[in-house]
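To begin, one chain is listed below as structure tokens, in the form predicted alone.
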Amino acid sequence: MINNLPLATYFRPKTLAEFIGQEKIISDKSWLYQAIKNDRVPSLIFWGPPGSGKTTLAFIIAKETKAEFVELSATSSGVKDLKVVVERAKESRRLNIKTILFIDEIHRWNKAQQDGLLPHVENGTIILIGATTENPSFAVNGALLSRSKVIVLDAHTPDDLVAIINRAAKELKAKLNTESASLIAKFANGDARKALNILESAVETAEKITPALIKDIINKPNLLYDKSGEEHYNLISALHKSMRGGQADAAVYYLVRMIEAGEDPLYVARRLIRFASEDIGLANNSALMLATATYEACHKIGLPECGVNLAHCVAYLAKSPKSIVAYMGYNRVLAEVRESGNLPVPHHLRNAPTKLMKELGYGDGYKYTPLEDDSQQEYLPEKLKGRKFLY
């Protein structure tokens, strides 16, 4: 720590010129750059992974536009805190001072809390900058989203992180070689905060920073993952599509990514069971049996042992022939049922357990297939006679 501040906070850039990375959104020709320089910044939603500079950019915008900067964390604040900020912003507005309200993890505010922002954003009492790691389309209310401009930040590139690390190391007078800096950048996985935290731990541990020291501090990269967030869906989608495309190597890669990031193996196993019928179906009925057995294996032995069971199943499903006859047939029937409703079952197919039902003709004319030719017997309701759903 420096001056009782974590390294990541102490070395936070204070101007656009100091900011490293995100060139596409802060270059001197970008929309955001021009909006800042012309003091015409509207409400914004910053969407990007951890450590990509969302908080830093919000702080810089406030400083460059001479606005009052107020920060709230959605995990520990609510409507009461917002009211205090709004009253303060109204006072500042009378003095011709703008207020930028930065809400970190805005996706954690519920609909009512987000709705509470709307009137104050609309009347200009506050300029909102919300930060989220989640897709704003799902995480931010539509009304609030329509009144804000979404800015997408990418994870920092390895070169960006090396530049950030070297700048901090130079000021700290730390002995850091190229290999060690590159290793920190690799382990940080696009997160500048994490890179500086690793550097801070290394500086506090030894005078000379070596690759061996970095590896000792970080046993393995902490992969970007949120079990309820977008990356969760990105990876399961990639796994599913790789299996569908017959790419076993890619499928196992995405499987391991999910497991290493802490995914529940039973969740993956359930998706494999679904895949076995949706994408393989009638082309290989054994796929469903293996997928079901894999679920049981995961349930009985858990991780890390069941990882190989999942890899076995994923590779098998990827290499298996595919058929979507059952899947598409189900969807066609589903659409028909929702359209036509409860069509009457033909009388000859109905059960007749009571005398009244027999008198009403239930079961009359039914041909018992093992003993009679039923080639002329109709099984679908009259309105759907001759319809084909499986093809």
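Quantities reported herein were computed from a predicted structural model and do not represent experimental measurements. The first residue of the sequence shown is number 1, and the count goes up from there.
From this point on, the text means the form predicted together with a small molecule, which you will not see here.
With the small molecule left out of view, the stretch that reaches within 4.5 Å of it through heavy atoms in the model of the complex is, among 321-329, 54-62, 37-45, 341-349, 54-62.
Looking at the small molecule in the model of the complex, residues K111, G142 and E231 place no heavy atom within 4.5 Å of it.
Taking the partner from elsewhere, Q377 is found to have every heavy atom lying beyond 4.5 Å of the small molecule in the model of the complex. None of the heavy atoms of R270 is located within 4.5 Å of the small molecule in the model of the complex. For R167, a non-hydrogen atom is located within 4.5 Å of the small molecule in the model of the complex, even though that partner is not displayed.
Shown alone here, I20 lies within 4.5 Å of the small molecule in the model of the complex, counting heavy atoms only. Taking a 4.5 Å heavy atom cutoff to the small molecule in the model of the complex, the contact residue among A291, C298, L196, L255 is L196. Checking L317, A192, I126, I129 for any heavy atom within 4.5 Å of the small molecule in the model of the complex turns up a single hit: A192.
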